[in-house]
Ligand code: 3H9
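First, one chain by itself: the form predicted on its own, in structure tokens.
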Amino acid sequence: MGDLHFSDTVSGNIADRVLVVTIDNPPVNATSLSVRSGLMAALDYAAAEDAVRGIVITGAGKTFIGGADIKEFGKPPEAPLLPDVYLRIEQFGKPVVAAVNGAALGGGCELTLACHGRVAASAASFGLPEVKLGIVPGAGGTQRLPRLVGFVAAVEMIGTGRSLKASEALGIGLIDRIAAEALVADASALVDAMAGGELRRTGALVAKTISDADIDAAGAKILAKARGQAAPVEALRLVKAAMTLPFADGLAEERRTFLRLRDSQEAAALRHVFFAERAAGKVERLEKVTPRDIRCVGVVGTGLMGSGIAVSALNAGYQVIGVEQSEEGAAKGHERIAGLLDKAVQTGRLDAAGREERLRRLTVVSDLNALRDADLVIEAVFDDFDVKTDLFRHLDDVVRTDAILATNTSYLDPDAIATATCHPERVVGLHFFSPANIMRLVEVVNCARTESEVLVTAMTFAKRLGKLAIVCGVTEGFIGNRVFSAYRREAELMVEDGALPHEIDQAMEAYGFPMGLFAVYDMAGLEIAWARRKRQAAKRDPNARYVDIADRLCEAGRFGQKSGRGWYAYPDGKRTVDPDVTALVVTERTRKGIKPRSLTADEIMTRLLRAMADEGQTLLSEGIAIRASDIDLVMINGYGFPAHKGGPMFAAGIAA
């Protein structure tokens, strides 16, 4: 029988009495209205056709179903609704088997759960990432998954949004088998095996009994990571409900919760972040610019930052040449990079073969001339202007004229660094965040004379590393450190005004930051910022309010965790409020004649958020940041701003 067309995105053909239904809705086969209607039409056809013994559902391309259609976000849903489609699949009188060819995410994973059998390609993956958008699965996922795989596996998968590889899915019972080669043929064979027998309907299964202690332990892991987010808490509640409620009641409660969360501020914030990431890196006038081909990457300086950059480049498949000042330094650099790869093996992110393959692409030497064939050279040397400009002058004599030079400076002026070269048009900023092999953010700095092709190549390179590339203009501290400096100053002013450091940290952590500002200071070390303040002292406005407390701490040798004392004390390595710091704060207030008043957590966060948004607005007006959402992404991915709050610009109601 010829091809059958059930909708613009759903087609079918019959082979050996099995109706093979293919979803083809590029780019990710999202569950659009056309897909939902097409699936219903396919079920209608199969029900009426005696020659059809069962159905196989698969996806075209590399994705099974990648989730909901983002074009329908914020619009009233149109029938047939996804829960109704999936309930009909589950209750269908003939066997329905999912042939999962690629990623089955969100509604895609829920479709597989509604089928009577599941066969996956080895490259398939399964995930319910809804909590990352501030919602919960809304088409039966919270009720079917625990019935199929048990409470612990279900709550971990739903509560964190983590995806599973096919082998993991098989291990927990989420799928029935992994196809050797012929995925659809294997799924069709499973249909034949099921035909005429009693079908295994997931909603009719009884979840395995589990002790209250095990439920509490699994739930505690989810709650520990929630940091004030509602969606993981609600996901936990719904998975618990699947253990006790009748299936129909559980589905109804899931749908009510899904709709309530969908309309929440938290979900709006996370949708904002989702769309912000899609817009990030887009620069007008550059859409048609072709990036240069990058194969060999040089990294000058293989300390903490440089070694992390090198590992990121190795992970992305590049040949990497590290350069140090001496043979001893080169040996230590190679050891540092190998050590980071070893950690990746220990944590399961990399296997031993992958480690060896990366090391074969790595060279670390003490001779700049090794960079003659590099397509891109990133300097990660000490953040000193003379050191960096001297390096760039030397690189001019070594690298090809079409090679790109990138500076990783945090605070120095890359335009000034670029003037030290004969070809400033090939200089760009690539500001990585430490540890560079872990942190996702890279600020791509468009210098005054950077060529469009160079900028696009730098953006493309950062994306290939798996980084979130945010383009910005030249200013001291770029986007992130400019905003950070603004709210750091506001925090220090509040310390003088009456809030103690630990009170500010507590307010930030209650808001959703993983760590408060003063705890971060101590972890990073206070001496670097102190040195910068001393360098900038001559330029400081003598009439501007200046808080001396951090300087007094450094003068007393309190440099943070490494010295055992900073804004906090660290007896036995544990952070504790230090009465000596409180006494110093009181002394400084008295010296300046400041009458302190207590500040509530809400007042503290209001002032911090206002400082962030005001500085962000200035960055937009100066043309340093392209769009407000870029600022939000920088603060979320580089400075711990809670994603479920949307970023400081979103929180302030400022749109790009």
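Throughout, rigid core stands for the largest set of C-alpha atoms superposing within 1.5 Å between the two forms. All of these numbers come straight from a predicted model, not from anything done at the bench. For every residue, the number given is its place in the sequence shown, counted from 1.
Only in words, not in the display: the form predicted together with (S)-3-Hydroxyhexanoyl-CoA, which the text now covers.
- With the partner omitted here, the residue from 278, 534, 162, 295 that has a non-hydrogen atom within 4.5 angstroms of (S)-3-Hydroxyhexanoyl-CoA in the predicted complex is 278.
- Exactly one listed residue, out of 303, 80, 150, 129, brings a non-hydrogen atom to within 4.5 Å of (S)-3-Hydroxyhexanoyl-CoA in the predicted complex: 129.
- Although the partner is absent from this view, residue 68 contacts (S)-3-Hydroxyhexanoyl-CoA in the predicted complex, with a non-hydrogen atom inside 4.5 angstroms.
- Under a 4.5 angstroms non-hydrogen atom cutoff, (S)-3-Hydroxyhexanoyl-CoA in the predicted complex has residue 73 among its neighbouring residues.
- The closest non-hydrogen atom of residue 623 lies beyond 4.5 Å of (S)-3-Hydroxyhexanoyl-CoA in the predicted complex.
- At the 4.5 Å threshold, heavy atoms of residue 332 stay clear of (S)-3-Hydroxyhexanoyl-CoA in the predicted complex, well away from it.
- Exactly one of the stretches 493 to 501, 524 to 532, 137 to 145, 405 to 413 approaches (S)-3-Hydroxyhexanoyl-CoA in the predicted complex with heavy atoms within 4.5 Å, and it is 137 to 145.
- Along 248 to 285, a non-hydrogen atom within 4.5 Å of (S)-3-Hydroxyhexanoyl-CoA in the predicted complex is carried by 255, 258, 274, 275, 278, 282, in order along the sequence.
- Fitting the two forms on the rigid core leaves the C-alpha of residue 61 displaced by at least 2 angstroms between the shown form and the other one.
- Comparing the forms between the shown form and the other one, the C-alpha position of residue 345 differs by less than 2 angstroms, with the core used for superposition.
- Residue 223 is not among the residues whose C-alpha shifts by 2 Å or more between the shown form and the other one once the rigid core is aligned; its shift stays under 2 Å.
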